[in-house]
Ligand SMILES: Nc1ncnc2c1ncn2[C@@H]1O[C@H](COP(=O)(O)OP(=O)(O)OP(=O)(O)O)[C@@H](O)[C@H]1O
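One chain comes next, on its own, written as structure tokens: the form predicted on its own.
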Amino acid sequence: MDAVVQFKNFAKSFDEKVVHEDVSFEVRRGECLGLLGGSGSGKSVILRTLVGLEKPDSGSVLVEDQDISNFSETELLEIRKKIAYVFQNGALFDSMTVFDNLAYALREHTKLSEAEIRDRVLRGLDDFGLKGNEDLYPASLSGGMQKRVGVARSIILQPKVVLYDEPTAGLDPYNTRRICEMVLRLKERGATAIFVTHDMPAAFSVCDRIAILKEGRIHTIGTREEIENFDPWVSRFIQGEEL
């Protein structure tokens, strides 16, 4: 299975704080890779680097065999069309309706007619159990629904890679399950994904493999069975014990 995303000897510091010292891993086409680690381990930094919001201090970051480490803003525009970023808080435009939130990227980045845009938006909302909410504003939605709209908006351009940044954080069990169902549905359609989370049950339910960050490196990576008994530290981490 070929790699869609690759980090090779990736290092990143902010002033004197070393976040990543030597991170190497790959995400295979069509898989969902869980990216876990303690607070401050730099999980979101990896996602932000993939869309060009951060630059490596050293090492390389490849998307479909293109090293994007030193891409210009113009070059990054094409990469960003391939990658959807699902922000932790949904990151919806408060002044736009749900419909216009989803339509925005289609209007900006495609030549679809308004009729075609309407059809795709309504189909996207229906796919994720959001039909009937298109005329509401984000402030009228629950936190769980805002996150679901955020996922639907992120994938409206049919990206090849989806980056999930703590998508279940703060959600009740019902909305957590709905988010996980959305992730699995996108996976069935062939999307490649990185799933950043502290939610171990959610990670186990949607991820093919899990990578755990520790002290600036990938401490272990593998299937649930491969990592559960990797070492005592990983076992305690999985069980949610204070480390």
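Here the structure is a predicted model, which means the values were calculated and not measured. The first residue of the shown sequence is 1; numbering continues from there.
Below, we refer to the form predicted in complex with this ligand, which is not included among the displayed structures.
Shown alone here, residue 66 lies farther than 4.5 Å from this ligand in the model of the complex, counting heavy atoms only. Residue 29 falls outside the set of residues with a heavy atom inside 4.5 Å of this ligand in the model of the complex.
Using a 4.5 Å cutoff between non-hydrogen atoms, residue 54 counts as a contact of this ligand in the model of the complex.
Shown alone here, residue 190 lies farther than 4.5 Å from this ligand in the model of the complex, counting heavy atoms only.
Note on contacts: among 202, 182, 45, 212, the single residue with a heavy atom within 4.5 Å of this ligand in the model of the complex is 45. Remark: none of the three candidate residues (218, 230 and 235) comes within 4.5 Å of this ligand in the model of the complex, counting heavy atoms only. The stretch that touches this ligand in the model of the complex, counting heavy atoms within 4.5 Å, is 31 to 39, out of 58 to 66, 202 to 210, 31 to 39, 173 to 181. Of all the residues from 195 to 222, the single one having a non-hydrogen atom no more than 4.5 Å from this ligand in the model of the complex is 198.
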